[in-house]
Ligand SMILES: Cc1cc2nc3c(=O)[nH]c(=O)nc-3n(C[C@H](O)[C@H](O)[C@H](O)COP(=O)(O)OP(=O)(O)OC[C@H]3O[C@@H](n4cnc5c(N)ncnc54)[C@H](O)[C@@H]3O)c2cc1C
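Taking the form predicted alone, here's one chain by itself in structure tokens.
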Amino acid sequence: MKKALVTGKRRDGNLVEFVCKCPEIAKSAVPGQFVMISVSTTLDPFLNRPLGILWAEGDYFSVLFEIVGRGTSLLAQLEKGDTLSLLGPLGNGYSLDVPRALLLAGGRGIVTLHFLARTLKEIGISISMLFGIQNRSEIVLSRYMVNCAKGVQRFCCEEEISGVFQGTIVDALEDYATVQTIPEGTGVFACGPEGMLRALARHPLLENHRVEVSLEAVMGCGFGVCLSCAHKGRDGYLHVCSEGPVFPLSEVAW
């Protein structure tokens, strides 16, 4: 286990962001990877929690998570100056060798795509980002959209909000396609709820494009030993922690 010092904390309702200092993780992390964080100094809860890396720069990295149960509730009690025990960075990340990129983020799927967008922008890749939420309670997540100076940036919500495109991320993609083509070779990257990814897998707008998706799964170990994170694939089962969490959308069975 590695140690990371919590140097900053931001909380908005049930969403918590930690900024952590750990050069070992920060200097080697790539977009799409995650860390396994211990949520207790005892064996209760026993399992670590997998959290996507929001960004990494210099000696620092950040994680963003939602409080959904006892484990994340305990984790959220940590404050600036506390120390995290964790493993990482783990898993395989997104491809970066693309001429341009279209990012499709749904809800907390913004986490790993925020890191990807920052990285692609830094290396001079033109990006467009579509981000969708279900209701106004998630609007705080919009702060993690990355400014697309050379591309299109769209924010949508299924609930009606003044000045915001109303609809799902799939609706936003279809609206985007009415004014903007998706050129051949564009890297399409998606992360979000399973229903969103399932809809994208069947969508004709993406059928001739390579699409990479980041999957979520319950994990016991984070590195391929326990096999608890299996997800059905086209040719057998995919193990999200060791083979992913990023996969070509065409390899995933829905």
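The structure presented is a predicted model; accordingly, all values stated were derived computationally and were not measured. In case it trips you up, residue 1 is the first one in the sequence shown, and so on.
The same protein has a further form, the form predicted in complex with this ligand, not shown here; the description that follows concerns it.
Heavy atoms of Gly185 never reach within 4.5 Å of this ligand in the predicted complex, leaving it off the interface. In the predicted complex, Arg70 approaches this ligand with a heavy atom inside 4.5 Å. Interface membership of Leu205, defined by any non-hydrogen atom within 4.5 Å of this ligand in the predicted complex, is ruled out. Proximity of Pro50 to this ligand in the predicted complex falls within the 4.5 Å heavy atom cutoff. Heavy atoms within 4.5 Å of this ligand in the predicted complex map, among the stretches 105-113, 124-132, 151-159, 168-176, onto 105-113 alone. Among the residues Leu64, Ala26, Val211, Leu200, the one placing a heavy atom within 4.5 Å of this ligand in the predicted complex is Leu64. Contacts to this ligand in the predicted complex (heavy atom within 4.5 Å) from stretch 208-247: Leu215, Glu216, Ala217, Val218, Met219, Pro245.
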